[in-house]
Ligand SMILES: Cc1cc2nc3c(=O)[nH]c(=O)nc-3n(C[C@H](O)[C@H](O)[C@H](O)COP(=O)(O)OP(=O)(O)OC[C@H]3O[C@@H](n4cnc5c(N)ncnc54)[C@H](O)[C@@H]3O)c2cc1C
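One chain is shown next in structure tokens, namely the form predicted on its own.
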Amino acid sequence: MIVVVGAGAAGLMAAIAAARQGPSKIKILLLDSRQKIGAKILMSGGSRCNVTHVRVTPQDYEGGPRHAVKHVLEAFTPTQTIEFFEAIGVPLVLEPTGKYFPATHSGKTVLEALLAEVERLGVMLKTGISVAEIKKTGDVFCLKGSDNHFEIAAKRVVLATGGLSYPQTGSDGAGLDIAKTLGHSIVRTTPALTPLTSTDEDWRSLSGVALDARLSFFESGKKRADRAGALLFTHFGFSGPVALDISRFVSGADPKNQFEIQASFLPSETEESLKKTWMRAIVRYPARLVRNFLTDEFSLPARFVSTFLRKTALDGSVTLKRYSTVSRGCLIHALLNCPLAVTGVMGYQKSEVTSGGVNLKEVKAATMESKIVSGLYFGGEILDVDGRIGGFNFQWAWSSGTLAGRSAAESIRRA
């Protein structure tokens, strides 16, 4: 028997892949601690489920070695993902952002199709079953529930229990504890793809304002990462894709080190290009006010411009022609290198994925089998791999889950 623990995206794919790959005599049992499964599939992408992205590379991920991530992604590519879902009745549509969604724009369609395929293949799905302990004696795994209310024997086990994000969906870290008792090291876990918090009342007063930005993360004065995308000001701080993407670095920063986030509110510009645009505008519109220049020329929201000028103590009521060279230089620099008073992140309750997890160096990239315990496989968020927003974490789940399930079934067939 193959037991898959966790019936989220990776677990469902592992069970399906194992059933498709293995001989019909192999029994496949899929367990989940929740009575209702697939909560993250139903809620992701604003309940539309961002299945994958048009371009997925190892550079879209943080955590484990990128060469290992590359092997896993190549084992089940975005193209194969699209073909798989179309084959089970879920055609996907490509949006201008590069994201793929089901044509129905409903995560429910994705979950129902996966469950239908699980049933068609004869996979035994048991919900409301919490695995508290896994031990291996000889070639057999023994899975026990809390208070020993059940005991299951298996030849192969796939751990796909997720991480700690959105704990209300059932992600409680139990799988990480099991992996640790089996000898695996766990890379420190922190929330990722979660909003940033701030106590700066000026920025918080802009709640609802959105614009494109580049955020750069500095730790102990050294730039460690930068991300670009839409930034949303909120009543608690900052959200939007760029804030979510940079959040893993904030939550993962060494508490002993100081960190800073700087924002470029004109991410496609440089100091030189802004200076040239300014000089051209002086010739054409010498009487234009600086604040109007920022809103008209760069489409920056008026509320943002007003707050930005106040925070930087720069006068926006002066005309372009009368603005001093020093003031212009200060304004341009501030637009491209503005410190944001970020105090932290919202945490796991609002986190879309977990940073950290089972050390990917202890897992065979070709099969997802443990290097420490033969017959044990991993898939999905439980591993130390987290992608940026846009369908990348689901692709990791589809790829790693498929590879784990397929490999587990092949190993039994070869035995």
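Numbering starts at 1 and follows the sequence shown. Just so it is clear, the structure is predicted and the values come from calculations on it, not from any experiment.
Beyond the structure shown, there is the form predicted in complex with the ligand, which is absent from this document and is the topic of what follows.
S.K.: For residue 63, is any heavy atom within 4.5 Å of the ligand in the model of the complex, or not?
M.R.: Residue-level check for residue 63: no, no contact with the ligand.
S.K.: When the contact criterion is heavy atoms within 4.5 Å, does residue 170 count as touching the ligand in the model of the complex?
M.R.: Yes.
S.K.: My question is simply whether residue 7 lines the interface with the ligand in the model of the complex - judged by any non-hydrogen atom within 4.5 Å.
M.R.: Result yes; residue 7 sits at the interface with the ligand in the model of the complex.
S.K.: So in the model of the complex, does residue 130 come within 4.5 Å of the ligand, heavy atom to heavy atom?
M.R.: Because a heavy atom of residue 130 falls inside 4.5 Å of the ligand in the model of the complex, the answer is yes.
S.K.: Taking the partner as it appears in the model of the complex, which of 316 to 324, 115 to 123, 88 to 96, 154 to 162 has residues with heavy atoms within 4.5 Å of the ligand?
M.R.: In the other structure, the partner sits against 154 to 162.
S.K.: What I'd like checked is whether 31, 43 and 353 together line the ligand in the model of the complex, meaning each has a non-hydrogen atom within 4.5 Å of it.
M.R.: Yes: 31, 43 and 353 each sit within 4.5 Å of the ligand in the model of the complex.
S.K.: Looking at 213, 174, 232, 300 here, can you tell me which has any non-hydrogen atom within 4.5 angstroms of the ligand in the model of the complex?
M.R.: Contact residue from the list: 174.
S.K.: Please identify the residue among 76, 166, 141, 218 with any heavy atom within 4.5 Å of the ligand in the model of the complex.
M.R.: Of the listed residues, the single hit is 166.
S.K.: Determine the residues of 391 to 412 with a heavy atom within 4.5 Å of the ligand in the model of the complex and present them in sequence order; the list may be empty.
M.R.: Contacts from 391 to 412: 391, 392, 393, 394, 397.
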